[in-house]
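To begin, one chain is listed below as structure tokens, in the form predicted on its own.
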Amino acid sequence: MCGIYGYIGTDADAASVVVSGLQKLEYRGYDSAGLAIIDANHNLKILKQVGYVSELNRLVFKKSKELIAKVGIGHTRWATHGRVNKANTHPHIDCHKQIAVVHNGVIENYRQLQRQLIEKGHRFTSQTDTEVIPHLIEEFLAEGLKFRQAFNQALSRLVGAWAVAVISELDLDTIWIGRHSSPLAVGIGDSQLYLSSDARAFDHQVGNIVFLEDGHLGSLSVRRGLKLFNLKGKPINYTLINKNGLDKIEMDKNGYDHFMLKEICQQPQVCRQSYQGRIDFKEKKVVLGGLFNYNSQIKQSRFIGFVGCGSSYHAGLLAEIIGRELGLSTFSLDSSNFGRADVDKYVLNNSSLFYLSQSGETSDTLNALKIIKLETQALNLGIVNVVGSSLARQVKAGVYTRAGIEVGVAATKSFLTQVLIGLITAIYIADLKGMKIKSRQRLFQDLKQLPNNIEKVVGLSKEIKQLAKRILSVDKFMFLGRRLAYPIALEGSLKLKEISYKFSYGDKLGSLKHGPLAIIDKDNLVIAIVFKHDTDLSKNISNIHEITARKGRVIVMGDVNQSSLPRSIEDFIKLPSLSTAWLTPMVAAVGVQLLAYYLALLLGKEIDRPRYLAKSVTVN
């Protein structure tokens, strides 16, 4: 998690430029923020504030006359090591207060390094893993190495994940950078250079972007430009990517109270832009140009897999279920629970795998990709939102979701577009394999109408908000669903716990008698997701009877007729009715998102920035 930003150029407003960049990166962490500059007198100055970047911005404004500088680095923190306080806020410095470091990632061997440095007389002032870096550089400088050599040696000692930026009084006109398993990009302007954890946060003056790969180190200087090299000091060539190829940043709430609500309401529009040019409604077929060069391999693959974690895993689980109903041999993998012991070479060697990630920087999913690349012959493909992200660059090919930047920590439009792309990808592969799709005409008619039906659910906002008021005192929630509704039950439960902090549990509706029925009581509210096209609809109704017979409280959300439901249910949210079962989960997803949003709103929670969570999970 965490976000780092840096600037070096000819203008003397480095502090304000860095703060502006950090504000665009705040979705990556908002526990605290800080920056370091080299001022006009060649002195290193550090500013830190606990809380949001706005607190740091106020401090920078107050001290603006003291902060004339042409070079600066900054950090917005999501705490991994040490409490949220000023001492643990980045940047961190060495004993002589001449070297400042910002870092995104986790240094796994920091305790060992810290002990070694303390034995040599170094004094630590924080609980963070990051603080070993400036002390390591300081130690190697004391041994007589030049700054570049000391920087290389320090980073070569680190085990774990890191994106690092360093400035120092000892090397006034340079920012030193390095990356291993955490994202880092450099933006190049006419007379300035920038660095960022997310390229979409770059200043409008950036024309070209360079994405660092694992093991890349470098230096940013106005005189020398960008230089990249490896840990042994060998120069590395790099490729420039035009910034116009990246998504436009949407950092304005546009009148909405929260980014999450804005992003929920954007979903009809996002749905259209996600399938634009990919669905030929006249010919009733899917066209995925990003996969075209690998059609033959995909067609020959015996298995089709979907890999992700959190909301992306739920989207992959839906793709698996839909794929099976299309006749494909599909499976899904939870990358947060994946290791070498889980590698089934028979399956994976004969698979095309789709890795799902909003940011394209999700550490668990990148680790799964790394293992599968090393151990198998699988064809690795992506379903990613962020152009130029690590995942997008490491897979062979893929499909961008086109969700646009998502600021709210809880996935909404990114989840919906992953589900949509998963569906049309499954259709595309079924066609490649010559499988007959039933009711094709009706399927494509419903796809064309999908944005309108999502709009109808957004239109239920007032009704769902009133429901949220009625259940505000409930402390325990259980989301249940069968088959296509099951991943939506999991997603609804996740959304609720993420932003309301209420206890929430998701499971299969059919699993009731295998355990969950034991915890049914008047204090436990069940949200049952029920679809009319479910082949086991009668079983769903029976399960609801079993809950209410035990004085359990049940709210049903679905496209069924209310007359078919037990009279004993507490409430019912009627979703738009679609002819095609595979599209109903996307409509239902909007409903559970709104329910979670309004519960959190009425409880007065910090919706866009829920406690302990960050948007991009770049550390394990």
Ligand code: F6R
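All values reported here derive from a predicted model rather than from experimental measurement. Just count from 1 along the sequence shown to find any residue number.
Keep in mind that the form predicted together with the ligand is not shown, yet the notes after this line are about it.
Asker: Three residues, L291, S301 and I424; all within 4.5 Å of the ligand in the model of the complex via heavy atoms?
Answerer: No, the whole trio is out of contact, none within 4.5 Å by any heavy atom.
Asker: Against the ligand in the model of the complex, would G388 count as a contact residue? Criterion: heavy atoms within 4.5 Å.
Answerer: Contact with the ligand, no.
Asker: Even though the ligand is not shown here, does N88 get within 4.5 Å of it in the model of the complex, heavy atoms only?
Answerer: Contact with the ligand, no.
Asker: Test of understanding: in the model of the complex, would E498 fall inside 4.5 Å of the ligand by heavy atoms?
Answerer: Answer yes; at least one heavy atom of E498 falls within 4.5 Å of the ligand in the model of the complex.
Asker: Evaluate N104 for contact with the ligand in the model of the complex, applying a 4.5 angstroms cut-off between non-hydrogen atoms, and reply yes or no.
Answerer: No, N104 stays farther than 4.5 Å from the ligand in the model of the complex.
Asker: Within 4.5 Å, heavy atoms only, which of S359, N152, S352, Q192 is in contact with the ligand in the model of the complex?
Answerer: Checked against the cut-off, the match is S359.
Asker: Which residue, S311, T417, S182, T130, is the contact with the ligand in the model of the complex, using a 4.5 Å heavy atom cutoff?
Answerer: That would be S311.
Asker: Pick from 515-523, 269-277, 443-451, 302-310: which stretch has non-hydrogen atoms within 4.5 Å of the ligand in the model of the complex?
Answerer: It is 302-310 that comes within 4.5 Å of the partner.
Asker: Only counting heavy atoms and a 4.5 Å limit, does any residue of 389-420 reach the ligand in the model of the complex, and if so which ones?
Answerer: Residues within 4.5 Å: V409, A410, A411, Q418.
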